Every structure is written in C-alpha cells, then in structure tokens.
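Next up: a single chain in structure tokens, the form predicted on its own.
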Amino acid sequence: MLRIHYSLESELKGGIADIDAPQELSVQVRNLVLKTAKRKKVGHGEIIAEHPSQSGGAFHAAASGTVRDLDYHHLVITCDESGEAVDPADVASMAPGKELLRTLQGLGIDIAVLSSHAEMLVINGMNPEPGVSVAEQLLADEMKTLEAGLEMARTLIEPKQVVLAVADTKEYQLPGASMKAVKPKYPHSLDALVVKAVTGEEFPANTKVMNVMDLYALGKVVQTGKPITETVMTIDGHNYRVPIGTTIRHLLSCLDMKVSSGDTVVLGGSFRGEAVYSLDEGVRKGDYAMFVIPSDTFPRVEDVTCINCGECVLNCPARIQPNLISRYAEYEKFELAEEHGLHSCFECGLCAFSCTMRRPILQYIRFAKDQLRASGQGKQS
C-alpha cells in the first residue's frame, strides 16, 4: 500500500476578507423547526429556524429581507437594505446556568459541549483538512475573540486543564491554555485523534474538545451579543467572511471563479466535503471551505462493485471495515452496518479517497447513519 502524506500546513495569504453582500440567501432548513413563513419580512439576526435537538443552535437571517420561497429543503430570502436587526443580548454579564445556556443556544451556539463540567478541555487548533487554513487564520488574526470564547467555555465547563493542540511547525499561544504540538498530517486534525494526541488515550473520561472555529463563534457571541450569521471559509487559498445562506453562484461571481460543465463544486474539504447539486445552493453554518474540482482531475465516483482490495481498511484510522459497512448500507441493511462498527467511523473520508474502484464509501456510511437516526435507532448528534 502506498502511504501518502496529506499535509495540513498552509500559507496564509493576508487577513480575512469580506464578501460583497448577496442579494439573495438560500438557507438549508431540512429537518429544522421553522420559525418564519413565506412572504414574511425578517430582520438581520432574526431566528428563522431552530434545531430539533436539545443542544443544537438556532439559525438566523444573515440579512434583512423577505422570505420569497420556502419548502422542506430551503428557505430563500430576498435581501433588502432596510437595516432592520435584532437587539443584541447582554451575554457577557449573565451568570452561569440554564438561562445563559439557552441564550447561547438561541444565538446559534451548539451548547452540547458547554452543558456539563469536565476535568480537561482540549482546543483543536489544527486546520481541519488539507487546503483549508481557517483554524490557523483565526489563531493568527482573531486571538481576542478566541480568548473571549475560552473565558466563556471555562466558566461553563470549569476544566482544571485547558490544552491547545496546534501543528508542531507553529508557535500559536492561547492565554489560559497550555500547548500540545501535533504533526500536521491528515487525519490528525479529527477531534478524536487530537484528544488521543493530547491525552494518550482513546475517548478518555472527563475530557471535552472544541475546535477553534466553534470557539471563535462562541467568542463573537460573547463580544457582540449578536447571533451567528456568518462563517469563515477558505476559497482559492484565501479566507473570507461569508454570510450563511450566500449562494455558490454569488461566491463564484464575487471571486471571478469559473465553473465549466462537468466540474464539481464542493462545500467543505476535499475529504469530508459535499458536492453541491446546484450553484443556487447556499453556504451552511459549519462550511469552512469551497473547492472547484475540474472534471478531468479525478476519475468519476460510481456505484460499482467492491473488489475487496482492502485499501480502505488499511487507511482507516478507526480500524473498522469501511468496505463491509458500505455494502450493508448500499443494500439498506443498516442494523448490520451498525453491528460492524458504523458509529465508530470518524467520517474522515480516507476510505473513499483511497478506494481503487472510486466507490462512494463515505456517502454510504453517512446514508446509513442518517437512516438510523431518522428511524430513532441510531446515535443522535
């Protein structure tokens, strides 16, 4: 088997730039609880949907405007320049407790990691995937916001120790945290592998992990009292602040990027990202990159038969059998996939990336997890 070094190192090209305000936002609302209606006017920062879980953060309008279209999958807002916006919340002065947690949740923060105490808090400062430099950019340019986020996290989690994991080629320091150097090679940036690098244990008790992007979002909410309405994305080697719901078409136009017939546009990284089916698709909360992959770069992914070459098993950091699990998922034998380690999968994407036959292994695994969740049998995220 050929071992390839997938480097997480990157060269920052200036600071974080702003994207021109879009005229339209397309927000994915599938499986969310809608809080608005068609033809209703919304202000900048107004809640438009809530997460169905007890800890998931709410979703907000990234600009003022009118809900032009709404269905099970998408909510489309035609933006205007009215400037209407929700009033900020005084998060910084609130005492720790349920009210603070619910306020953070209402401002778009996933509070799962903040809802209970732990002995150790690990801050994952690694760039998430090759070619994505968002984590490093935030550590370089947004330290005050990260400090505000860490202060809030410490208040709620009350850890005895905080550790920042960063690439062993960097010297970033986060006040209030010790530093752990990690080799910048994918998939070392995955939360589970970062925790193991810091503690020496797999899934240790009394340890929680947050990535730098989530810590930054928490810090922004603390500093401004305003909801999360934007994400930071690496696009063509540069980092941009992008309103959530901004369409791919708008991003391509602003950055003068061309897409030809047969090319693939991916939101997220090259290993874990998802191809968009339309240029009118909007950027989601948690999208940290966009890539345009020319049609002749890689062989096409196809639903072909697995030849049991074993490359996916040899590359799997979770030490499971992606070939077997994906076949169970393909034929909708989801319980068997679960029995054979489905939920041990980190979704790193190395299996599909190394597949000799170019099978959509990661997509099969995600499909199985989604189906089990929908039936109430799988683990809830």
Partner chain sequence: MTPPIIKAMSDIATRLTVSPAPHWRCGRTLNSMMRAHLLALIPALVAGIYMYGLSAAATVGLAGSVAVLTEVFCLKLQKREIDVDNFTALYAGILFAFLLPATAPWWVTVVGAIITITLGRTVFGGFGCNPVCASLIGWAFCRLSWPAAMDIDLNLANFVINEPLFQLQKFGVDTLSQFNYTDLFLGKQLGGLGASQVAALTVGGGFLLIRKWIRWYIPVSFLLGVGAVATLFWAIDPGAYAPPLFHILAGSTMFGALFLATDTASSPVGKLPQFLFGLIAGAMVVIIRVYGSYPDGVPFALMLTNLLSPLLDRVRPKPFGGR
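Because the structure is a prediction, the values reported are computed rather than measured. Throughout, rigid core stands for the largest set of C-alpha atoms superposing within 1.5 Å between the two forms. Residue numbers count along the first chain shown, from 1.
We do not show the form predicted together with the partner chain, though everything after this point is about it.
Mapping the unseen interface onto this chain, G341 counts among the residues with a heavy atom inside 4.5 Å of the partner chain in the predicted complex.
Although the partner is absent here, F353 is a contact residue: one of its heavy atoms lies within 4.5 angstroms of the partner chain in the predicted complex. Residue contact with the partner chain in the predicted complex: Y288 places no heavy atom within 4.5 Å of it. In the predicted complex, the partner chain stays beyond 4.5 Å of every heavy atom belonging to P159. Scanning I293, L100, C254, M120 against the partner chain in the predicted complex with a 4.5 Å heavy atom cut-off leaves one residue, I293.
Among the residues S64, T36, S55, N315, the one placing a heavy atom within 4.5 Å of the partner chain in the predicted complex is N315. This chain is displayed without the partner chain, yet in the predicted complex the stretch 185 to 193 from 168 to 176, 89 to 97, 185 to 193, 225 to 233 comes within 4.5 Å of it by heavy atoms. Not one of I16, K41 and Y240 places a heavy atom within 4.5 Å of the partner chain in the predicted complex. With contact defined as any non-hydrogen atom lying within 4.5 angstroms of the partner chain in the predicted complex, the contacting residues in 342 to 367 are H343, S344, F346, G349, A352, F353, S354, C355, T356, M357, R358, R359, P360, L362, Q363, R366, given in sequence order.
Fitting the two forms on the rigid core leaves the C-alpha of D370 displaced by at least 2 angstroms between this form and the one not shown. Relative to the superposed core, N323 undergoes a Cα shift of 2 Å or more between this form and the one not shown.
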